[in-house]
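The chain below stands alone and is given in structure tokens; this is the form predicted on its own.
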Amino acid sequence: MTEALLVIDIQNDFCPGGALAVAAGDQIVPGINALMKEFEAVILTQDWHPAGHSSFASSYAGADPMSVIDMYYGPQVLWPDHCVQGSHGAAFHKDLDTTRANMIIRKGYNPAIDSYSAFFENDRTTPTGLEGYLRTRGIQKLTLAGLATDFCVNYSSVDAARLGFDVTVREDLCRAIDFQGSLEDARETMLAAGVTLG
């Protein structure tokens, strides 16, 4: 086995009706379920924030959601409270076939730092452990799908390419937030990193 499917954050809060809904985020679920059948290894990621996380606008008096502040690791978008541990919003979308998952990577659980990437927290150095798992299983090629193209899919794919994996992002099975031109920026960043956009 040398290939794996990495499914990013198909959770209620990122789907229509959720706290940080991505437009049409639920529409990619059937295609992702079908794609799982083509891979022996399927890994799911799950945003998993404690209440009061430092990336939540509600943690700062007077701060507006989607504003940006400087954290010790760089700029941080302040999000609406979302994917709080154990909440309905943090749960996987009910139609996602979680039975195919070999592994679930939870990220963003450190209250002091956000974690967009499946591989590293936002300081880009603190690992989640996913790289070690892939290496010990001999996986060299990754296909990514999920939410959102311009944040967690982007960061995960770029980190995977930087670590030497052969990476493809299935854009048809992703959806974007597109915050202040973030989708086009993300596409340029992924292509520059050597990620294949399919």
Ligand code: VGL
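Residue numbers here begin at 1 and follow the sequence given. Keep in mind that what you see is a predicted model, and the values were worked out from it rather than measured.
Below, we turn to the form predicted together with the named molecule, even though it does not appear here.
- Under a 4.5 angstroms non-hydrogen atom cutoff, the named molecule in the model of the complex has residue 152 among its neighbouring residues.
- In the model of the complex, the named molecule lies within 4.5 Å of some heavy atom of residue 147.
- At a distance threshold of 4.5 angstroms between non-hydrogen atoms, residue 116 is in contact with the named molecule in the model of the complex.
- Contact between residue 177 and the named molecule in the model of the complex is found at the 4.5 Å heavy atom cutoff.
- Contact annotation: the named molecule lies within 4.5 Å of heavy atoms from the stretch 46-54 in the model of the complex, the single such stretch among 164-172, 46-54, 133-141, 27-35.
- Residues are counted as partner-facing when one of their heavy atoms sits within 4.5 Å of the named molecule in the model of the complex; in 80-102 only 82 qualifies.
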